[in-house]
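The chain that follows stands alone, in the form predicted on its own, written as structure tokens.
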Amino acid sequence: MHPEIALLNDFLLVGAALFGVGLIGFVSRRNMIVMFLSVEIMLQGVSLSLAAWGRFHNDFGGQTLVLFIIAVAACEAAIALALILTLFHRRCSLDIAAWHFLREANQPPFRDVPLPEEPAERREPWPRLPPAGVRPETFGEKDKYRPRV
């Protein structure tokens, strides 16, 4: 395989992975900040793919679009931060389900279904660290004698 095609393939795979991680994060989370960060990850995946195609075709169009995407993402970050702060001050929650009243008029309201509880006998205890200040057991001969310097 030609090295330029292999490089393009690697860049496109990383861009697709970034876009996929962002898409999964956006669909599976309900926190508005995490959803916003997932959209930013998707934008960066698209930017990487555009830059890779621009390099492959020896054209600066892809890199130019990446610069515009970065500028739009910076503006979007400022607007999203202001929007998130305003929405948080109104509802005191960043859960997207608290904003179901903003839906369109013909959409049914959101119904949150709680997850079933796990059985108590199945829960495993979390590992615990030893308390601070307890000295570990040491072996005196190894501490005092060094076979090599």
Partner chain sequence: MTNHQHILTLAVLLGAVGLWLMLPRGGARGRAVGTVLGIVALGLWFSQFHGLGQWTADGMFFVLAAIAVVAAVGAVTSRNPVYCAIWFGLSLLGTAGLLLLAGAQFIAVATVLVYAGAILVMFLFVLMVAQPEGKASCDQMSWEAGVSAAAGIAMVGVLSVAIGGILAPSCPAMPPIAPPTQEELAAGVLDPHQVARLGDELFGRRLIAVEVAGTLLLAALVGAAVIVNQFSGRRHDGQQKTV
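Source: prediction; values computed, not measured. The term rigid core refers to the maximal set of C-alpha atoms that superpose within 1.5 Å between the two forms. Positions refer to the first chain, counted from 1.
As for the form predicted in complex with the partner chain, it is not shown, yet the points below apply to it.
Contacts to the partner chain in the predicted bound form (heavy atom within 4.5 Å) from stretch 63-82: 63, 64, 66, 67, 68, 70, 71, 72, 73, 74, 75, 77, 78, 79, 81, 82. With the core held fixed, residue 68 shows a CA shift below 2 Å between this form and the one not shown. If you fit the rigid core between this form and the one not shown, you'll see the Cα of residue 110 move by 2 angstroms or more.
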